Every structure is written in structure tokens, then in C-alpha cells.
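Next comes just one chain, in C-alpha cells: the form predicted alone.
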């Protein structure tokens, strides 16, 4: 191929290349020839060579060496060279290139050129790649061209002004007067550019927005003219008169009418007219109607108009175009909270979209269906959602199960229906449910006391049928352990009675323990259920003892610890076994010990006889704040102790919990006022008092005072404190670390707290000291403070 080959010939040779290597070879030879000709003097082929280089650039090959040639061609007086030069500048240059600054003067000169086509080239280039510096330099020229008499130039200048406003927003005031006058133009291209420019100005400057609200009647008249005008070949698109301009005007009216009653009232009649007179069978009409709907929903429109907008979106749901269905459901999702009843009318169509083959449409239909669930339609809509769950794609199962659980919790018509729905979900997609599903379902079952027999029978049958769904197996094991006596009794009015033998129940639990499909958490549930059955059956206690003893040497530490503790109950504490393993009370979901999640080991610890924790019960404390305090100090070998003063005088009885979150026996006790100074720790002759003093609205100073009533001094005293994450804590240096004997002295330490969110305050204090060569370390949890406190 010769260096002087024409552009068309070069394209033909490149397309005829059989391999990538052959194509690269052709392009490298041509680029070398182009470079050589660029170095020569003006030979009349510069524009021809740059055009070929631009094609090479379009194929993805480097063409940066042609940037300076673009600058030279732009400065040329010949139009054909200037045209290729400007095209090359738009493709090869950007505002980050230094070469772009070299064309500023050429653009300024061309903006004043006598030919409208040369002016157009300069405007297009500035509007495409003009930097902030170029925009500042050339903005007055653009403002001048906006006032020109030539419609072709005004259209280009308006679009160029849009680019300048985006680059340098403070220049918007310069174009405001000219853009207002452009609305009186008859040329659709100028009108379109003016509306885009005004929209940009209004979005960036509130003062300009107020100015252009006076132009709403003028915009309404332009829009009415477009809607009611007859056929115009120049602007007609699928039977719609200039839909591009209509969409732009509607978008501007939406901005002008937002949060403004006067502008909204002026637009209401127009929107109703557009909604009723626009044909939605073609894409152009659908685009105009969709923009109309967005405008209706965004301004202060009448209620009837909003219903009309929802009905338009309902018609979109029946469209064969999936894109239109998708944007329809996206819009309905935004307005379902404010216009719930209007959207409910299209529930059947929305549910049908769950069967769509397109994954995006299916996801949107699912989200909208979940948002439409109410107490009135919970039964019928839940049937559709459960049917969808059985066949939905794997990536949607987690979202579907979560939505069904939330809807059932909010609108369940009865507890039995609620339990049946959750069990159905666990059976269908148990592997995709959230972690907190198990404790939440257990809490629901404990509150439904009249359904215990029905639930345990149903879960036992589910356990026999399939043990692969871990969440379902965990709940089933828990229920069998708690209500095994009801299962063995075989009397159930709610369901068909089934006679179950003790050996059958133990066989089922032993199968779970030995299955390779069972997770460590599931085995923990099964082992605890087996242990609890030792107080609910009469003939197989020895078999249970044998099962439990086997796991005393299990490789899983959690399971081994449980087995060892349960063996200790059989041997050393057999007289306490019946009391420890008695049926759990009804769980209050709002109690401090309850959390919506599993424990760190993935299971709910029902009992740990060797580890008992005393906590002060508070009414209705958020569970997450209690959980935040549990790990703040970390590493303590002892559980926190309650403040003696608080537990006896301030808060009454102390709740004693053994193990995990589900054994909160006395949650919800009333808190009574406490004195200004309280004793929070009293042990081994050491007394720790707490005093509070509020300094600001969110800041508080706490003083901890330690005294010693023994006949020997206490040494190496250290105090550590922890508070919830949202509270800032600063501990000052203590007055000392030795407490004199016989109460002859004291050690004080000041703690500064900042509680910007004013959350309910809790604190854990670790006390460490040496008494008679014996190191003592205790942790006390303070759940109530003397006034003043939050």
C-alpha cells in the first residue's frame, strides 16, 4: 500500500486483514507514512492524512502525534481543512492537553467569522472539549451569538452555553437574559437549546429558578401548541409532534413547579391534557407520558391527576417492551408509599410480572409486590410470593425470604398463619434465610403457647422428612427439646395426632448429630434437645446419658464444652437437673437479653451451669446497646457483677441468666430513682462509689471513689471503664493506687463522658487490686446512674 493511498482504500485494506497482526502491520506502515508527511511543508494533503489518522484513532490505536496537526488545520483559512482540524480537536484533544490552549485564539476568531458554518465548527468544538479557562475567555462571545439573528447559530450557541455553565457555574448569570428571550423563537432547534440551557441554569442557581418561574405560562403555551398542533413532517416522530422538545419542556416544568403552588397550579391543566391526548402505543408517546408522570409526582398536583399518572404507569405494565415495564415499576416503587391505594389497583398486573423471563423486571416486580403487602391482602399476596419463591432464581431467594418474613411479621392475621408461613419458607429456601431467622422464629413459637403442640408435631414431621435445611433443623431440635413431652403425648387438636415413641425422637436427634450435613451450630441444638429430653421422658435416660458422654471428647470445642457440662449435670448436679432443664418461659423480644441474631458460635446457648451471669434488668433497652457493651473490655475471665447498691435498693431483684440470650427470666423490671451517690462495688472490704455531675447538655463527669475498710492497705488499684460505642469516654489519672486501711483515706478517679446522641447510658467497670498478696479482679455492670444522667 503506497503512502498516498486514499482513505477509502486504507479502510478497505484494514478490513481485509485476516489476522490481528496483519491489521497492526497495515496501520503501522500507514502511521509511519503519515508522520513523514506531517514533517513536510504544506503539501495539500494534511487534511487527507489527518482524516486517515482519525480513523486509526477510532480503531483504538495511538494517534496522539496528530494533535499539533489539528492546531495547524484549525488555523487554516480553507474550510475543508478547518473542518477536519476541528473534528480532530474534538477527538484527539481534551482539556488536560496543553495543545488545547493553542486553539483558543483560533476559536475566538472563528466565532466572529462571516460564514455561519465556520462559526458552527467553533461552537461545536468549544461545547465538546472546552476547558474552564477557555470557557471564561470565550463566554462573552457565546452570549453575543445567543442574540444573533441566525437561528442556526443561536441553536449551536445555546448548546455551547450549556457546556460553559456546567464547567463554570458562576457564568450562568451572564446567559440568563439571553436565554429568557430565546423562548419566543419559533424554530424548534433554538427552543430545544433554550429549554436545555434554562434547565441547567435553574438546577444550579436558586435565584435563577425564581426568575424563570415567571416564564411558566409561556412554557405552558409552547407545550399546548405542540400537543394540539396538526401533522408536521419536519417535527413528527411516530405521530407525536417533536417529542424531544416536549420531554425537555416537561422536565423544566417539573423543576419550576417543585415546592411551588403557583407554578404547580399553572401546570395542572396542561399535564391532564398531555396525559389524555398522547398516544402510548409508540415509544415516542410513551416517553412523553413517562415524563408527564414524573412531573405530576414531583410537583404539588391534584389528587385526581396523581391517580391518572398511576393509571398511565399501569398501562405501561401491559406493554410488550420490557424496558417500558421496568421503568413503570421503578416509578411505582417510588410512589407506592404516598399513593398506596392507587397502586394497589394494578396489583394483579404487577404480580404477573414476577413470571417475566427478564431478571431485572422480575426483581423490580418482587420489590413492588413486597411493598404492596398490607393487612387486607396479606393472605392472597403471600400465596403468590410463596409460589414465586419455589421457582425464583437463586440470586433473588435471599431478598424474597427476607421480604416475606418482614411482611409476615407486620401483617400476620394469626400466629398459626405466621408460623406456617415461616416454616413453608424454611422448607422451600431454608439455606437462603438470614441468620436471625432462627432466634426470631423461636421467640414467635414461645409466645404462641396454645400452638406449642401443633408446632412441635409439624416440626418433627419436617425433621423426619429432611435434615439438610440447617435453619429448619435447628428450630425443630429446639422445639423437640422444649416441648418433647407434648410430642410424646400424641394429643393435638390442631393437627392429625401422630403417636411418637421415645426411641423415635431420640433416633431423629441422633441422626442430626451424626449427619455430615449438620453444622456445628445444628449439632449444638440437637445435643441440647437431647439433654432436655432427659427430664421429659421416663424410659431412655440411660441412652441420653450415653449419647451425651460420647461428645465429651468431640473435636468441636463448643460441642465438647456442652457435653462436659451436661455430663456434670448427670453426675455432680443431678439433683439440680430438673430445675436447670425446665421449660423456658415466654421470651420478651424487647428484653435486654434478647438479640436478633445468633451467638458468636452460631448457636443459641440455652444453658451453661458452670458460667452464671448476673445482670440488672432494665425495661425496654435496645438490644444492640447491650451487645455493644459485652465485648468492649474483652478478655475478662469473670462475668460482670451487678452493683450491690443498685441491685438491692435502686432496681429491686436481680435477674440471673445462665448462658445465652434466650434465658432472660425477669426482663422488664421497673426502674426506681436512685440517690445522687451510689455504691457500685463492695467486696473484700473494698467499696467503690459512683457520683455524677452533668456539666453540659451532652457532657457529664463521673467520679469513682474507692475506700478500704480492712486492717491492711490495698495496693495496685486500677480501674477500667467501657461504654457504648456512640459515647465518648476519657479517664483522668487516678489520685493514687494505694488505699489506706481502716477507711483512713480514699482513691478517686474522674471519668469524662460525652453523649452527643443522648443514648441510654450503660457502663462496665473493671476493678483490679492486690489484697494480702492476693490479686483480685472483678467486673461490674452499671445499668442505672444517679441523677443527673441521661
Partner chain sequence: MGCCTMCCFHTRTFRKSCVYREMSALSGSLWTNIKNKRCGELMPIRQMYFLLLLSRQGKLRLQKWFTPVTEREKKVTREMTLMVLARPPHSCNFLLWRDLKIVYKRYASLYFCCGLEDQDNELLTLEVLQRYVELLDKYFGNVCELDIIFNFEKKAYFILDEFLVGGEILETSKTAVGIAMEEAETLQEVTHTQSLKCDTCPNISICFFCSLNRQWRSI
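Positions refer to the first chain, counted from 1. Computed from a predicted model, the values in this text were never measured in an experiment. Between two forms, the rigid core is the largest collection of C-alphas that superpose within 1.5 Å.
There is another form of this protein, the form predicted together with its partner chain, and it is not shown here; the text below is about that form.
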In the predicted bound form, does residue 66 have a heavy atom within 4.5 Å of its partner chain? no
Do residue 290 and its partner chain share at least one heavy atom pair within 4.5 Å in the predicted bound form? yes
Does the 4.5 Å heavy atom contact test between residue 365 and its partner chain in the predicted bound form come out positive? no
For residue 322, is any heavy atom within 4.5 Å of its partner chain in the predicted bound form, or not? yes
345 to 353, 203 to 211, 380 to 388, 139 to 147: which one contacts its partner chain in the predicted bound form at 4.5 Å, heavy atom to heavy atom? 203 to 211
Triple contact flag 127, 721 and 781 to its partner chain in the predicted bound form, non-hydrogen atom at 4.5 angstroms: yes
Identify which of 305, 99, 335, 118 has a heavy atom within 4.5 Å of its partner chain in the predicted bound form; exactly one of them does. 118
Residue among 181, 187, 276, 109 with a heavy atom within 4.5 Å of its partner chain in the predicted bound form: 187
Heavy atom contacts to its partner chain in the predicted bound form at 4.5 Å, residues of 6 to 22 in sequence order: 7, 8, 11, 12, 15
With both forms fitted on the core, give yes or no for whether the Cα of residue 364 moves by 2 angstroms or more between the shown form and the other one. yes
Exceeds or equals 2 Å, Cα of residue 35 between the shown form and the other one, core fit: no
Is it true that residue 64 shifts between the shown form and the other one by 2 Å or more at the Cα, once the core is aligned? no
